[in-house]
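Here's a solo chain for you in structure tokens, the form predicted on its own.
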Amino acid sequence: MVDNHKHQGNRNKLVKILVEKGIKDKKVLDAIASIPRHLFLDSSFENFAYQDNAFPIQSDQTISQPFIVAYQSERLEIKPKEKILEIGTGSGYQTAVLLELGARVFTIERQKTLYLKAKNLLPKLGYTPEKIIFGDGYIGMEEEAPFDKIIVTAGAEHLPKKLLAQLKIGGKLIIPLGKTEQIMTLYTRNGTKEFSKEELIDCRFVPMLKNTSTQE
């Protein structure tokens, strides 16, 4: 797996684009500058890997647009050692960003092919989540709760209440809500039964799937 000066130069150009689009968190920008996004894509997309675009991956899924990855990460205000639940491992790229930010990452993938690929690829690149499972993101990971932050990387038609219940008081959940087009929405848990909601930006994600029969 090759990561050379050309790739680094392209990452630096991508960071400049993200800054122009309003990303300010230096730690998030440094993470984007460090991670070889081209290695999370099919080799046929290598020359396009550092454009600010989403690209198809296996199982009719996509690797998110770098701006969206950076935006979700920035809005969660992640601090080192925080427990983060990621719903939708996908290619593993967002997982890597969370790990670069110093988080302890617990991640769930609904598509078996993507789960197996990410589980194999991430350690090869030096990224080790606390736990990566094949399962239903709507259920979350109750056995590891509560979490400081939860990030959902697929579009949900409705808010999964089980995920809200797995947040610590003071914790934040960011999720794209809607059917074909979504609104990025940020929830903060202010008390045992008290939550605040902030609608952020319009976005478009692949749909969040459920009803997986087993977790491994």
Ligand code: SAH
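The shown structure was predicted, so the numbers you read here are calculated from the model rather than taken from an experiment. One rule holds for the numbers: they count along the sequence shown, beginning at 1.
Keep in mind that the form predicted in complex with the named molecule is missing from the display, and what follows is about it.
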* Asked: Counting only non-hydrogen atoms, which stretch in 28-36, 44-52, 60-68, 173-181 is within 4.5 Å of the named molecule in the predicted bound form?
  -> 60-68
* **4.5 Å heavy atom contact, D136 to the named molecule in the predicted bound form** => yes
* Could you confirm whether L14 comes within 4.5 Å of the named molecule in the predicted bound form, counting heavy atoms only? => no
* Does the named molecule come within 4.5 Å of any heavy atom of L18 in the predicted bound form? -> no
* Is there any non-hydrogen atom of G9 lying within 4.5 Å of the named molecule in the predicted bound form? -> no
* One residue of V97, I87, I78, I132 in contact with the named molecule, assessed in the predicted bound form (non-hydrogen atom, 4.5 angstroms) -> I87
* Asked: So which residues in 105-124, when you check the named molecule in the predicted bound form, have a heavy atom no farther than 4.5 Å from it?
  -> I108, E109, R110, Q111, L114
